[in-house]
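Listed next as structure tokens is one chain, alone, in the form predicted alone.
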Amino acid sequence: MNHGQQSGEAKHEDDAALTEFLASLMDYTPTIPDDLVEHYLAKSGFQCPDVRLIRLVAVATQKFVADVASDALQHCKARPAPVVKDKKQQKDKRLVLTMEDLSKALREYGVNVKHPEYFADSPSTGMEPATRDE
């Protein structure tokens, strides 16, 4: 067998695997709803009537979100734990994911998050006028 035949067979196998994968997307219900994916694709100027492509984008997005969340969890675990004086609080070892953890994880994927600084002109800023103590 020569190189041309081998690459032709490999291409045929790749095409068959891709066709099978795309067909399996018709039976799969992704975590991210099709309507939501279609909305954001349309918002970016992309429209496609093929549900398989919409679901492929949903699966890729789901994978991206899962990877970012996993990396953020690793950053959270690597952060030094605060010193706890109370024994009851020592038993409760829940992790708290911070925006800093998420920002570090996103930075690894080329997404830079800028945190807006929050300022208030007075303690009553943002409160309903009836609840202000002026």
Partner chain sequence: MSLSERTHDGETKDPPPSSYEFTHAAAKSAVAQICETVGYNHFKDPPLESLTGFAIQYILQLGKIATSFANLNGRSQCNVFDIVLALEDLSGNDNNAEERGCSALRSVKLREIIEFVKVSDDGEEESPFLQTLPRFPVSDKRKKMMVVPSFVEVGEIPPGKHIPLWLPAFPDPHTYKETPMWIERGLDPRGDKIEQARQRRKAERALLSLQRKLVCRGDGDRVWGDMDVGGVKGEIREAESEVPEDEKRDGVSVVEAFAPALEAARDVVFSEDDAEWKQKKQKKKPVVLSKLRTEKKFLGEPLDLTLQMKGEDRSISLREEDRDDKRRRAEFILRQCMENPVDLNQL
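If you're wondering where the values come from, they're calculated on a predicted model, not measured in any experiment. Numbering follows the first chain given and starts at 1. Basically, rigid core = biggest C-alpha set you can superpose within 1.5 Å across the two forms.
One more form of this protein exists, namely the form predicted together with the partner chain; it is left out here, but the text below deals with it.
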*Hey, in the model of the complex, is P80 touching the partner chain, heavy atoms inside 4.5 Å?*
no
*Which residues from 31-53 come close to the partner chain in the model of the complex, meaning a heavy atom within 4.5 Å?*
T31, I32, P33, D35, L36, V37, E38, H39, Y40, L41, K43, S44, G45, F46, Q47, C48, P49, L53
*Has the Cα of V111 moved 2 Å or more between this form and the one not shown, judged after a core fit?*
yes
